[in-house]
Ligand SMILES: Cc1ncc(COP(=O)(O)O)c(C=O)c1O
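Given next, in structure tokens, is a single chain: the form predicted on its own.
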């Protein structure tokens, strides 16, 4: 049986007046103290969520396990530090993320390097940093990694990223990273690219094959999906072992959903973007638990591998850890009504600046000033940018809201900050709340930050900088 989400589903509460509370702080009070848009990080709960994920893997699987937080999901240092305290290692996809991991104290051996477009400079940086694993995405990249390893006179451990030609039911095309037709990621299993890569590795003394990596998409709520894709890859694992290779590692990637938000299905996305019909609100009870995911994955690997050859199980969660432990506060600046047309809530944040994931995901939106106020009308929530599609949500059921009140977009911990934009406005601050204390962990962007890369003319100078 499903039920409507309540503040407690995010570890939050309400006071006697119905105000949304995080610990001893009211969300609306934080918004007015620090300004909006404002992300609020539930630091203690994020750490506890990460611990529970790691322990679920350790409890379910008798072999070795390693959990790596996906930096692409949320690279705010306070978020990463909380995940690190919980025992999570690092998964990175860019030079920025690798440098961030190293500056935050991760050793090279704690880091898995991923991504479909690694440059020679990035691969050289990875080799020089002695990262634990590079997940090779293509035959061209395989040759490049070997060339760099040879030049550095180092032995580099690699995984081969496999495109398994597997798309979970209902997943929209933008999220289906295991699709053979729709996504360029990974070595093509069906055409034999993976077998070709294995043959090449044998002739590359600078590389050491450690196992396989795959990633089938994001926002996965059904735990059996992982078992099904592992069963699809079972013949590859067996053939590889029969050819004399050891499969010491199976990296299942990430994609685990947050139970309190979800991606729209292909059909829902088409209907919403085409006709403006917002999908049904997220309900509790239709998403697998960490223990469900871990159990399905462990049982599948135990079916495929002999007990004395169990590979290390690596996972790369991001969304399931960060998403439900951060929310975004916006101020309603104006309310505009056109009779028999529509009612708009004009806020200080929208798709053009801070809410891009609401284009394709279903997030709960709460009135932070009074969570209990009944939802009586359909409204369209928009942002401040001179851009007609600067929309948070169209036709969403909300309470009657007055200018100056604060709304909370829940589950902003995954990909909101990663995809935010300075579209005429500064990027927002982040406040972390832990117990009964709060601290600013990322300040709001300033004019100097926004213009910091530009060579500006001084007043009265029309020479273009030329003498």
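Residue numbers count along the first chain shown, from 1. Please read these numbers as outputs of a predicted model, since none were measured by experiment.
The protein also exists as the form predicted together with the ligand; that form is not presented, and the subsequent description refers to it.
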Just one of 214 to 222, 358 to 366, 271 to 279, 120 to 128 has residues with a heavy atom within 4.5 Å of the ligand in the predicted bound form, so point it out. 214 to 222
Determine whether any heavy atom of residue 415 comes within 4.5 Å of a heavy atom of the ligand in the predicted bound form, and answer yes or no. yes
Residue 210 versus the ligand, in the predicted bound form: is there a non-hydrogen atom within 4.5 Å? no
Although the partner isn't part of this model, could you tell me whether residue 329 comes within 4.5 Å of the ligand in the predicted bound form, counting any heavy atom of the residue? no
With heavy atoms only and a cut-off of 4.5 Å, decide whether residue 72 touches the ligand in the predicted bound form. yes
Among the candidates 350, 254, 324, 186, the residue which, in the predicted bound form, approaches the ligand to within 4.5 Å (heavy atoms): 254
Which residues within 80 to 94 place at least one heavy atom within 4.5 Å of the ligand in the predicted bound form? 91
